[in-house]
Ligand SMILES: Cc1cc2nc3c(=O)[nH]c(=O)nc-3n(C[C@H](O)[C@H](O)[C@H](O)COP(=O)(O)OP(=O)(O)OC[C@H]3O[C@@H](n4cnc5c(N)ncnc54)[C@H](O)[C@@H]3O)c2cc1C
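Just the one chain here, laid out as structure tokens, in the form predicted on its own.
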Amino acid sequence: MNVVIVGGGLAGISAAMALQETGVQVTLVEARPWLGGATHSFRRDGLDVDNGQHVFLRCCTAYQGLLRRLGTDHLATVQDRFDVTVLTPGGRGARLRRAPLPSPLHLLPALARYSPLSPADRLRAMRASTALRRLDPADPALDEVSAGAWLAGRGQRAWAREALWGLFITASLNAEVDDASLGLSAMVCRRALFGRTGAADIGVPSVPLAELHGGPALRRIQEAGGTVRLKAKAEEVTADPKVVVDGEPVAADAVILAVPHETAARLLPAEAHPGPDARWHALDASPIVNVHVVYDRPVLDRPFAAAVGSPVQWIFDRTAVSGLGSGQYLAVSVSAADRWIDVPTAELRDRFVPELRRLLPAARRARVRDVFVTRERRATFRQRPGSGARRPGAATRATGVFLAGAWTDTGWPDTMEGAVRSGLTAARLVRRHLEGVRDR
């Protein structure tokens, strides 16, 4: 039996490999010339550049399982202990580091010493944390409320919402705290911050994303007998099921659409949609902007750092990963970047390079060799209040046609972990469907 998977991102790769492990033949169709979807790399002036900085947490078990299947788990490094330096313009900054205490006490010492907040704000943050731990992320009522409104109702002033909660929620949901869904925010905080002691430990790739995901996936799928069609455009999916690829119908026993939600809406027959059109079509999209700065000398003495009180959100040292021989290459990652997505590169340089000087004293003595920008206009769906109710499940109304993607109802935010989980769910439903086909 043959399953056609449309989309070669992490969702499609995960589905393909899971099906192949059970002996199912797969054909993976990808419009771009590479696998990996939103996690890809390119060469620029001798550097290996990722389209955007991607990290994961120790609690992202499905994603780490994919890396093990790909044989690339040794190419990503996970902290021994959650530890983040938080920079402030002109200030001495702060450090959030988990203590060797059982959860949920492991982060309380760091919060008690978190200098960007006043002692009174720290106390209020502890109280809000206690209330947040009691929330059930699966409660549909939480999907209708913004995290910002809920936190404000528990004494979290605007600065506390930005300087503390925004560090985690904005980076995880690609949404400002005041615009983010409370349900997804509660899920992230409960799973990562208040879950198992090491759940929030941060993992960072030590090679370009193309070497971590896309390249190994292509080899593994083909070695297992699968067919991968790159630069192949899926034009239509019928309820037969069948996929029209570059004008040619491709019959299948099942189809998985592992593509962005707007693409799935276009390809899927109207009668097969898993819910009312206005619901899952209205997910919209939220952008991410990355400002890449190459210096003539080192200016950051750690793998990454966060920033508050600045348009800079997170800074990553990309020197070794990119293959840069001398100097230092930093990537500034800005989530919920509606404000910056259409700003010309020259203006972004004029805004962010001085900000890096304010945050990093060593940058004031360094010469900037190069600045360039990567933009993901539709990096994630917009994870605002009400978005949870719009996320469809993996099954459609067409027998044998399924959906995958981090935008589907995984229970997780639109992240690499959510993408992998969606692919595994779709693969499980396909196997169940194929068993029924065999029995007939």
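Here the structure is a predicted model, which is why all the values come from computation and not from measurement. Sequential numbering from 1, following the sequence displayed.
The form predicted together with the ligand is left out here; the points below concern that form.
- Heavy atoms within 4.5 Å of the ligand in the model of the complex belong, among the stretches 41-49, 405-413, 64-72, 386-394, to residues of 405-413.
- The contact with the ligand in the model of the complex, taken as any heavy atom within 4.5 Å, belongs to Val259 out of Ala217, Ala180, Val259, Ile315.
- Contact check for Thr263: a heavy atom falls within 4.5 Å of the ligand in the model of the complex.
- In the model of the complex, Lys233 approaches the ligand with a heavy atom inside 4.5 Å.
- Using a 4.5 angstroms threshold between heavy atoms, Val6 counts as touching the ligand in the model of the complex.
- Put simply, His54 is close to the ligand in the model of the complex: some heavy atom of it is within 4.5 Å.
- Residues Glu376, Ala379, Thr380 are the ones in 363-391 with at least one heavy atom within 4.5 Å of the ligand in the model of the complex, listed in sequence order.
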